[in-house]
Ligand SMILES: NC(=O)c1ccc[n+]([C@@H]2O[C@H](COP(=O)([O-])OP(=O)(O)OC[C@H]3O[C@@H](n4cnc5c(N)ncnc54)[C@H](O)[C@@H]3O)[C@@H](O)[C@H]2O)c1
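Listed next as structure tokens is one chain, alone, in the form predicted on its own.
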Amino acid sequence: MSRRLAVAVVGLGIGRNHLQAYQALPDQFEIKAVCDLDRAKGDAAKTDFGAGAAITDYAALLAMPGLDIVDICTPPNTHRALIEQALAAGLHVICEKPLTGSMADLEAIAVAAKKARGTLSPIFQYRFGSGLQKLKLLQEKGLCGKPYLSTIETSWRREADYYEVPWRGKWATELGGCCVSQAIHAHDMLCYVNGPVKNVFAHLTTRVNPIEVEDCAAVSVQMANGSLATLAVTMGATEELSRLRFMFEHLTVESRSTHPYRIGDDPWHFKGRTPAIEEKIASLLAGFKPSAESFAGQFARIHAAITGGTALPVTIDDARASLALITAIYHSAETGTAVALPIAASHPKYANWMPAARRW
């Protein structure tokens, strides 16, 4: 039996979802501490999740003996500093999306992570749904063939009460709108399935709420493998849903989960081009063995990587691809031009993807 890892969760908004996942993996993780500037939130989380301590001071948290992992769930503008401090303390780090607020910050963190004793794991928990993992299995077995077209839809609803949280809806603290906060997971799944992005053309607008950042997006994407993709996002849907559809040479795949925030989970629909392909799909999927999904799925794989010395399930390279796509989307929308990837250090948005006017 591998050893339990002692984890501390910092930031108790989405951090409570992380705590639920750790609580579901008691053989792998010990919730050693929770940390939030709001003492009442910390005390409540300590009680709810059986944490060893509730702390308000981040430096004191990093100095705790026996701590293995710091899981950062704070507002996006704080991520870089907190990551760098935790890595410098010799700890493993897990961090919510977006990992940083620019390509320049990402590369600085990559340098720090390379020198550190601990590892850095960006959060992309949607990857570990059983539906998406079935598609990855079919890809690995060579059943998909040439990719043609992907359509990604993120239709959620965010109203005024959501933006009452002071850091939301602002460039300085949330670092962007629906392309950074809500659709980032579905867009990561596009890259997870079809590899790197080659070219982006984007239209963004703010129509649903009186906020600084975008809340609707229509993006046209060309992948490096030659396939095309469309990304459609709104925060004004009357009925929330998320939908992925991948069209390949030999099959079409579509997510059919009715839960907007569990897009990778079953059920997914797989349709082969011929009866023979249908038989191969059925045979392969009959042998599929589901494992933990969402946050628990990613955390279980992180535990295996740390204790077994193997590759992390989500890497800095994955975060780099995600942030490059975000950078390209904002630059394209601001300039009205197509943007080629990768984003080099000479790119005008390399150090800061925010538009000059700070409003669409």
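Heads up: residue numbers just count along the shown sequence, starting at 1. In this text, all values refer to a predicted model and were calculated from it rather than measured experimentally.
Omitted from view is the form predicted in complex with the named molecule, to which the following refers.
Student: Quick one: does Gly264 come within 4.5 Å of the named molecule in the predicted complex, counting heavy atoms only?
Tutor: So Gly264 does not count as contacting the named molecule.
Student: Does the named molecule get within 4.5 angstroms of any non-hydrogen atom of His187 in the predicted complex?
Tutor: Because no heavy atom of His187 falls inside 4.5 Å of the named molecule in the predicted complex, the answer is no.
Student: Is Leu19 a contact residue for the named molecule in the predicted complex, using a 4.5 Å heavy atom cut-off?
Tutor: Heavy-atom contact with the named molecule at 4.5 Å: absent for Leu19.
Student: Give a yes/no on whether Ala202 approaches the named molecule to within 4.5 Å in the predicted complex, heavy atoms considered.
Tutor: Answer no; every heavy atom of Ala202 is more than 4.5 Å from the named molecule in the predicted complex.
Student: Non-hydrogen atoms within 4.5 angstroms of the named molecule in the predicted complex: do Lys46, Ala53 and Ala86 all have one?
Tutor: Checking in the predicted complex: none of Lys46, Ala53 and Ala86 is within 4.5 Å of the named molecule.
Student: If we take heavy atoms and a 4.5 Å cut-off, which stretch out of 67-75, 266-274, 279-287, 220-228 is in contact with the named molecule in the predicted complex?
Tutor: Selected range: 67-75.
Student: Have a look at Met235, Ala183, Ile123, Val213 for me and say which one sits with a heavy atom within 4.5 Å of the named molecule in the predicted complex.
Tutor: Only one listed residue qualifies here, and that residue is Ile123.
Student: By the heavy atom within 4.5 Å rule, which residue out of Cys191, Ile109, Leu82, Val208 makes contact with the named molecule in the predicted complex?
Tutor: It is Leu82 that has a heavy atom within 4.5 Å of the partner.
Student: With the partner left out here, which residues of 273-304 have a non-hydrogen atom within 4.5 Å of the named molecule in the predicted complex?
Tutor: Sequence-ordered list has one entry, Phe295.
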